[in-house]
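One chain is shown next in C-alpha cells, namely the form predicted on its own.
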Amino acid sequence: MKRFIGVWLIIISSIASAAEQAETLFKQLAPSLYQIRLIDKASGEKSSIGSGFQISGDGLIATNYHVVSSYARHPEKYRIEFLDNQGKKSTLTLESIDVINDLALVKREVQQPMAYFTISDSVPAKGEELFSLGNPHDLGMIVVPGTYNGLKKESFNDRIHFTGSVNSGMSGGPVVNKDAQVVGINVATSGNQIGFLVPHDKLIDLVNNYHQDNSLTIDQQMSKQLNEYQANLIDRLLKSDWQLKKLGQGIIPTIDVPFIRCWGESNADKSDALMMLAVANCSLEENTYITSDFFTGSLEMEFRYLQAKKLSNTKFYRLFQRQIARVMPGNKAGKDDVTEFQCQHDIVMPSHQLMTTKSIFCTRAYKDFDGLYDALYLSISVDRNDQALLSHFTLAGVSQKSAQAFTKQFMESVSWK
C-alpha cells in the first residue's frame, strides 16, 4: 500500500511540475503569440481562425498555409488580421507560402523591435516533453504538454507524431521544447491525443527562401511548389518496387512504399451471391490542401475482379457496367479550379499480356497552375465471358509526362494469370 501511494505521489508531483513549467513558458512566450483571423470583407466577420507566432523582431509571423488559404486564393474577398495577448488587432500581409508543408509567413507593422520565438537547431529526442501553444476553438491562448514520438512513417511529407491535444484553432501555433525553442508547428490532429506537427526545419527553409528571393507572387510560388512536389512523388513511385499479386484470376500491382496503403474485401462468404466480387484498393495516405474545395497531390488505385456464377452474359455485363459507373476522380476540385475531363477510348491488346481491354484515359487541366493535370485511367477486360477485371487509377496534380509514364507502368502490370 505504501509503495502504491508513493508511485501516485511521484505521478502527481510530475504532473504538477509539468503544469508549472507550462505556465512559466506561456507567460514568457505569450507576447509573441497571435490569433490569426481571416475576415470576410463584405460581412466584416471572421471567416476562419488559427494561430501564429512571431519569428523575427521586425514582425514576421509563422502560421499554417491552410489558415490563410482563402486569402491566398481570393485576396479580393478577405483580409488577414491578428489578435495579440493584449486584445489588440491589426492587419497582416501575406509574404510567402509553402503549400506542400502547409506553412505561411505573414507580417505585421512594428514601430520598434519586438520579442520573438527562436527556432531550435536540433531535433528533439524520442520521448522528450514538448509544449504546444495555440488558440483552440476561439477560447484564448493555451499551452498543452505532450511528447515527441519521431516522424510519422506512413507519410511522403515529413510530419512529427506528437502525443498531445492539438485542437481546432491551434493550427499554425508553435510547439516548443523546455528551452522555449520551436521544434514544430501544429498542423493536424487525429483525436485521442494524436497530433501532427510540421518539423521546424521546413520553417527554416521557408524563411531562408523568403530572405533570398521574394520576387515570386503567391500564385507563382504555389505553382512552382506543386510542380516540384508531383515530379518528386511520381519519380519515387516509378522507381519503387511494383509487386504483382493475384486478385481472383487476375494479376494486379501494388507499390511497395510505406505511404501507400492497400485494403481488400470480397463476397466470397456469400454462398447465394449471383456474382463473385473481390476488390483491392490502394491510396496515398495524404494530399495537398489548396482550399477547402480544392485538394491535389493524391493517388488512388482500385481493382475489381468479377466472376459470374448464375448469370447470363447479358446480366453479368449489366452488373459490370454498374461497377464502371462508380469510378470518379480521386480529388476534390470545382469548375473554377479545373477544366472538364477530355477522354480517349481504345481497345488495347498488348503482345506481352494475356488480356485484351477496353481502356479510357482522361485528363483535366488546372486553370491557375500551368502544366498540372488530374488524370483518370480505366481499363476493362473484354476477353472472357464469365470473368472480368476492372483496373483504374486517379492521379491529382501531375504533369503530362508523369501521367504518361505512370499509365505505361500501370498498364504493363495488369494481366490474367
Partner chain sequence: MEVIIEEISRGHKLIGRHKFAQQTVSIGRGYHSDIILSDPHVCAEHLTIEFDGENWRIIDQDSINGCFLDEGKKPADGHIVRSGDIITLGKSQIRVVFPYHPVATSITLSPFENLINLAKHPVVLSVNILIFALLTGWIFYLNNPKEVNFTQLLVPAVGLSLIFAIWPAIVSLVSHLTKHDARIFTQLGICFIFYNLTWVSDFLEAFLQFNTSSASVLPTLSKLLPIVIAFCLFWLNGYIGFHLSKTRRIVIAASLTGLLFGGGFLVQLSKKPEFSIRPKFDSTLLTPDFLIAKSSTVEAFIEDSNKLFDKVEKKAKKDKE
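Positions refer to the first chain, counted from 1. The shown structure was predicted, so the numbers you read here are calculated from the model rather than taken from an experiment.
Not on display, but discussed next: the form predicted together with the partner chain.
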Check all three, Leu206, Lys239 and Gln243, heavy atom within 4.5 Å of the partner chain in the predicted complex = no
Thinking of the partner chain in the predicted complex, which stretch from 337-345, 84-92, 144-152, 295-303 has heavy atoms inside 4.5 Å of it?
-> 337-345
Although the partner chain is absent from this view, report whether Lys77 comes within 4.5 Å of it in the predicted complex, heavy atoms only.
-> no
Verify the contact flag for Arg318: yes if a non-hydrogen atom of it lies within 4.5 Å of a non-hydrogen atom of the partner chain in the predicted complex, no if not.
-> yes
Examine Arg384 and determine whether its closest non-hydrogen atom to the partner chain in the predicted complex is within 4.5 angstroms.
-> yes
Lys27 near the partner chain in the predicted complex, any heavy atom under 4.5 Å?
-> no
Just one of Gln111, Thr314, Ser215, Gln212 has a heavy atom within 4.5 Å of the partner chain in the predicted complex. Which one?
-> Thr314
Checked 368-395 against the partner chain in the predicted complex; residues with a heavy atom within 4.5 Å, sequence order, are Asp368, Asp370, Gly371, Tyr373, Leu376, Tyr377, Leu378, Ile380, Val382, Asp383, Arg384, Asn385
